[in-house]
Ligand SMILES: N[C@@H](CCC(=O)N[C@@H](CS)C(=O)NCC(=O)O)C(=O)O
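For reference, the chain that follows is the form predicted alone, supplied as structure tokens.
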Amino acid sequence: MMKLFWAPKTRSLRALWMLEEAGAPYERVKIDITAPGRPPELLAANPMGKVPALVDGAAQLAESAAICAYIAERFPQAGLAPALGDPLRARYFHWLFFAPGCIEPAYTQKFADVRLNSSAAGWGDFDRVTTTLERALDKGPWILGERFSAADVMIGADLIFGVERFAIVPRRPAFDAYLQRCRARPALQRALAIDDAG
């Protein structure tokens, strides 16, 4: 059985949601991220000691997007990634890694009120990231169009944090409609219940 190292109200929500979408059997190991020290098994999976981290037998990995990609490949019957050879797979990877590569740095920039030349930052800037995301989601219903995927887990979780929990992303009709569709998914409802219960 897979083991997920997680903490409530963190990026672990992505891994929880993904595991629930896949219908994968897993065990949760809650980590107090404010306490010193980390269990050796967590450090083996992620030497940085951060969550989420996943152990699946001999396979050990961290980083939310990597965990989502791994689960999608491990449980292909869940249909959470386009198949090898499907041209849509290219856009799937684009959006899957847009979350950690663009959304997260843009959020950090906004929180810290950092002024950067947009051509010097790999993500551009906060406004470019949110506008790009809005345009992509406006086509809907999912980031890949008609098909829900692991990329929606990454993007959806980031918008839950950005729009609802942190309120740093301005409410926009495309975001509100997308979040409503995400929240209607039973797997996200289960993941949020776990996250809220902490």
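Throughout, we count residues from 1 along the sequence that is shown. Source: prediction; values computed, not measured.
We do not show the form predicted in complex with the ligand, though everything after this point is about it.
**Student:** With the partner left out here, check for me: in the predicted bound form, does some heavy atom of residue 147 sit within 4.5 Å of the ligand?
**Tutor:** No, residue 147 sits far enough from the ligand in the predicted bound form that none of its heavy atoms falls within 4.5 Å.
**Student:** Find out whether any non-hydrogen atom of residue 64 is located within 4.5 angstroms of the ligand in the predicted bound form, and reply yes or no.
**Tutor:** Residue-level check for residue 64: yes, a contact with the ligand.
**Student:** I'd like to check something about residue 33: if you look in the predicted bound form, is any of its heavy atoms closer than or equal to 4.5 Å to a heavy atom of the ligand?
**Tutor:** It does: once the ligand is placed as it appears in the predicted bound form, residue 33 has a heavy atom within 4.5 Å of it.
**Student:** How about residue 125 - does it come within 4.5 Å of the ligand in the predicted bound form, if we only consider non-hydrogen atoms?
**Tutor:** Because no heavy atom of residue 125 falls inside 4.5 Å of the ligand in the predicted bound form, the answer is no.
**Student:** In the predicted bound form, do 38, 49 and 104 all reach within 4.5 Å of the ligand through at least one heavy atom apiece?
**Tutor:** Contact check passed for all of 38, 49 and 104.
**Student:** With the partner removed from view, which of 171-179, 186-194, 19-27, 5-13 is the stretch that lies within 4.5 Å of the ligand in the predicted bound form, judged by heavy atom distances?
**Tutor:** Only one stretch passes the 4.5 Å heavy-atom test: 5-13.
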